[in-house]
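Two versions of one and the same chain are coming, encoded as structure tokens; call them structure 1 and structure 2.
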Structure 1
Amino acid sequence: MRIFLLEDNELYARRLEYHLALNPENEVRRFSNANSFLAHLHEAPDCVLLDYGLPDKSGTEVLKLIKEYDAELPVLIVSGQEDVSTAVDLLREGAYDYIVKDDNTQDKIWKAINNLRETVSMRKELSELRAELSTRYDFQKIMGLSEEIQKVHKLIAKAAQTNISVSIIGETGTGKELVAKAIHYNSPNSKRPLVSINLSAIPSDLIEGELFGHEAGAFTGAHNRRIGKFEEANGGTLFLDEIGELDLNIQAKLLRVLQEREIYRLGSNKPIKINCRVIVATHRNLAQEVREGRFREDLYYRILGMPIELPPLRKRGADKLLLAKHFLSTFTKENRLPGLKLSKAAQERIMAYPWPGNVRELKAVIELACVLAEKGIIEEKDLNYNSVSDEMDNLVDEGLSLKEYNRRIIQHYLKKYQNNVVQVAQKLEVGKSTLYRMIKNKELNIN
């Protein structure tokens, strides 16, 4: 533990230094005046032993300056005064402990330092974790050199500087959640929680409870109080993924929360103030959803904030190969595999393929290729694409009639969306009755 000792009595300071240094894990550094000590505060001590009576500043002044610099740094006040009111005032100002100078001072300090060890250790771990998260989600690591992705980098940097709401638009697999994390962990809220919820993965009748929480007894099975995602994210960031899937009833309640900045748990009439940044994401065209009456216009403008549109991988040119090599390098290192290279044919195929699953699909294909590859080379045959995607990719080569093209495209999306006729109708912008008629006439197969 790194201990800074601020004591103007040199003899007494040497005695304390000797006593603390009996533990080889302690590194003690002495200072005789406040100005010298403050000039070295940036060297990050684990705790401070502060003499209350200094020649150039009072202990109270020094304590305040320390807390302004680092509110979490533990400070032990060592004083010749036994005035209880002074001790109470200093503890209120944030001192960790107040120790009176007497015959047992050294033992008291020794005990206090030992009690601090676990707290200091946890503080270091938390600091390292925050630094790791900040590095991990550095937006420059959203890889790409294309003009489209460079525009995204600039927007992320601007969004991170303020608390503006952000809407992220992009196809599935383009990295919307990664962008949300990059914004949060590079913003002033980075030390507060980032809470994510995928709204498409939750049944509509449960979403309200997930977002706003509930009291015990609010509904059958609600045995205990539970806080919602808004309360979890208080002071930080709430990421609402696939917001376009919300039904109109929940949209109205979400709008009220965003306007009033307060929520009501299910089963309660007591308002709870919330203060969190909201980032939303969707693969839908929300403006089109508004025009067609499936999304509230007032909510649309409330959440729009700074829109960031993520380009699909097929429009990112050479980024496809850059990302492929990155995923290859990462996977081989994580799994302690020998170095691999992409053959020329494999590279050409990666560049030519449209990647309907975007970056997520590319990552999965490359990782499987790393396992299948032989002799240190990933060949074209090692790149295994989704069979449905291949079907759509090669459809234009079959010389079909327009009617058959339409049928095959609809059949593809029925399979993709597990025969959800309503979702397919919305995706392809065709009437539900048309799809039901085709199913009835056995033009489509939903088995």
Structure 2
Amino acid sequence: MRIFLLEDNELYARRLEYHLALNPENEVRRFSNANSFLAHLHEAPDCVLLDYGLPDKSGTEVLKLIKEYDAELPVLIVSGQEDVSTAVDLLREGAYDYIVKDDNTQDKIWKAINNLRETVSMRKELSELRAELSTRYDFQKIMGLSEEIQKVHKLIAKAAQTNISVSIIGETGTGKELVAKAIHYNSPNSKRPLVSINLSAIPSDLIEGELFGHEAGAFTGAHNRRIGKFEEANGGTLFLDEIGELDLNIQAKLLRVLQEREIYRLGSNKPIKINCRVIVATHRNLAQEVREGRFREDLYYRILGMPIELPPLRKRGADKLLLAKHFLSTFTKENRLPGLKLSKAAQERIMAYPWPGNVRELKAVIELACVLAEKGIIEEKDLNYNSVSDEMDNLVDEGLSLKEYNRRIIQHYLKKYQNNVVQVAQKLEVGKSTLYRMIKNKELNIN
């Protein structure tokens, strides 16, 4: 249980911290003033021990702020004053308990925290159920009718039935995390936690602490014991995103953990058994990384498990339009916009564009188009592509005929030069008559 202790008496705080940390399941963080505490409230403590008499804010004020942030977070007030009316007021404001500082304080707190444990685990279960609900909804988003995605769907269902390791390979924006969630929340361990960590987002010297946890004093700045992601995911699923970015020396440690099924917190020589399914994901070709010496071969085989390859959006045929319509209706509903339709030209453009940023890019483009659209219709001009990949690659990826490429280029220049055929013909070094013929045949549009 993660306990935040807000107490300005350093000695008293340290004594309580020591006492509470005697239970290895407790992770205690000390704060000596309200402001530093409030700045860390987003780190989701399971409960708060709040000293009533703080230097910068009264206990009542802090309690109100906590309750505004999260009305269900249990707050135990610890006070040096035996003032019944204050106690009653605080309990009325939503304090979980009111404990007077005396010789038995720490026993009372110990008991109160033990009683809380059940409440906290129910709270966690509730939030996991909520997450599960929303993930089921998310799961719909990786659905599609294309053969490629139906294959993925079948693999997800198979992976969910057992606790086999899974490796998800796919370009950026294809929905790798959604697949991990779909597997977890459809598995028998769905009630247990799904813990995700993006390995590319954490500096390499901090990754070990994040994964395996540390004891207080394990390194400079490690003031408290901290539980790592492997322990947090106990009984559930650990999702290691961007595994291809892991340093070779951490790869060796990870391999050992996966083989022995036990971890050591940094600064401790006590092994802790782990019991969680591991799902990894990467946008890299790991086999290639192994060949080039950047990824350990033994780790590769250990994590490969069931490989699920997510197809890029450009290979998903009509799913592009299906997803575009789905994002369109979700966005308009969420923002209470009137119903919008995609023009025929816009639909064709969505089908033809290669979507280097995949589903993530499609979603962003559609949402922007919903905002830009006028008269209830999304036109081709409302689709703004801000792809970071090479324009030529994208163009070539569309796989059009040379005739169609020519038509596109001429159309582009006509637009640029306000339909001045003479100017465009000079620029592209083609005959004016060719352009006039194309306009006449409606291959080019000058409206």
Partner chain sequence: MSDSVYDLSQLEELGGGDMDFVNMMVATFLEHTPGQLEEMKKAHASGDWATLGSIAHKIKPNVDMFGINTIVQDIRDLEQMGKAGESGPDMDSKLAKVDQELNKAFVALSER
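Throughout, residue numbering runs from 1 along the sequence of structure 1. Here the rigid core means the biggest group of C-alpha atoms that line up within 1.5 Å when the two forms are laid on top of each other. What you see is a predicted model, and the numbers here were worked out from it, not measured in a lab.
Structure 1, rather than structure 2, originates from the form predicted on its own.
For S329, the Cα coordinates differ by under 2 angstroms between structure 1 and structure 2 after the core has been superposed. Put the two forms on the same core and the Cα of K158 is off by less than 2 Å between structure 1 and structure 2.
Positional change of E297 between structure 1 and structure 2 stays under 2 Å at the C-alpha, relative to the superposed core. Core fit done between structure 1 and structure 2; CA of D103 shifted by 39.0 Å.
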